[in-house]
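A single chain comes next, written as structure tokens; it is the form predicted alone.
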């Protein structure tokens, strides 16, 4: 049998070049993955150390005809160093939701613990782990959206740099790593100057764009922490939206875990 030495050399060279290309592609992908992780680590780091927070909110529900319904509530949040944050929200108006309270314990990969107190029934309802994608009291905000941001919840991929409303942003894809998420992925625009989210696109389980959240009118507190005064969640499927106006931010109030147990739901009235 005759062997063409030249052909073997060409095949060998092609294999080498193919290996180099695959290696370069893998390196680029790994660099993008690492960049995404590093960016979101910086987002988390810059929003750490505020201990606790209280705020007043106005929730505006708008249907696809433009009709508005307004609610007022108060929120308090306890920062937890080695786990997700705890939050308690209490509705003050209108009358049909007054006294309704929502308690949330965020966890990294374990299922978040969430409870809803319904004053009309005088009972506390546990939100099922498999129902976190459901709407929060008829709003366009899902129970899942009310969790604090924990790095372990997602896998991160840097996509690109992009200008958004004249702001230079990183664009990062977040893939949920916890069971029962209602989303296949989210795309977040992060302001490079302040490492804060400007916009988030939410894709449903069919990988179709479901909702967009925008963060507006940021203010800085304690010379370090940025908070948006205006958050808008728009549902592209239903045409409905929910807007949150935040007022009276206060930090380091001396709140304790005792104020965030299940009994606090009934006491919050």
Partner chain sequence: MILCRLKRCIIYSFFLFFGLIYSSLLSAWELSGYVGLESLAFIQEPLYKEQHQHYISGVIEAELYHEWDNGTQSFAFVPYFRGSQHDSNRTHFDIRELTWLKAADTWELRLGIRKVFWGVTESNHLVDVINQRDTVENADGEDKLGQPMMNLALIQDWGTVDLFILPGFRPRTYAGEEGRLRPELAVSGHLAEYDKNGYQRQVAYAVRWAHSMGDWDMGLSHFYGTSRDPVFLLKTADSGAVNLIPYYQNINQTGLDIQATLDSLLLKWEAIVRVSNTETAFASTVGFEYTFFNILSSGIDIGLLSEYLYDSRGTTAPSLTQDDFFIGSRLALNDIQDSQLLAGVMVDRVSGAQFYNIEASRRFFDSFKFEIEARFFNGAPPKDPAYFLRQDSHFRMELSYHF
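Remember, predicted model here, so these are calculated numbers, not experimental data. Residue numbers count along the first chain shown, from 1. Each form is matched to the other, and the largest set of C-alpha atoms that superpose within 1.5 Å is called the rigid core.
The following text describes the form predicted together with the partner chain, which does not appear among the structures shown.
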query: If you check in the predicted bound form, is residue 177 within 4.5 Å of the partner chain, heavy atoms only?
result: no
- prompt: Do residue 96 and the partner chain share at least one heavy atom pair within 4.5 Å in the predicted bound form?
  reply: yes
query: Does residue 160 make contact with the partner chain in the predicted bound form, using a 4.5 Å heavy atom cut-off?
result: no
query: With the partner left out of view, is residue 128 within 4.5 angstroms of the partner chain in the predicted bound form by any non-hydrogen atom?
result: yes
query: Considering 51, 224, 70, 236, which brings a non-hydrogen atom within 4.5 Å of the partner chain in the predicted bound form?
result: 70
- prompt: Tell me which of 190-198, 113-121, 78-86, 151-159 has residues with heavy atoms within 4.5 angstroms of the partner chain in the predicted bound form?
  reply: 113-121
- prompt: Does residue 131 move its CA by 2 angstroms or more between the shown form and the other one when the core is aligned?
  reply: yes
message: Just to spell it out: taking the C-alpha atom of residue 122 and the C-alpha atom of residue 139, is that distance smaller or larger in the predicted bound form than in the structure shown here, given it changes by 3 Å or more?
response: farther
message: Can you confirm the direction of the Cα distance change for residue 130 and residue 76 in the predicted bound form, closer or farther than in this form, given it is 3 Å or more?
response: closer
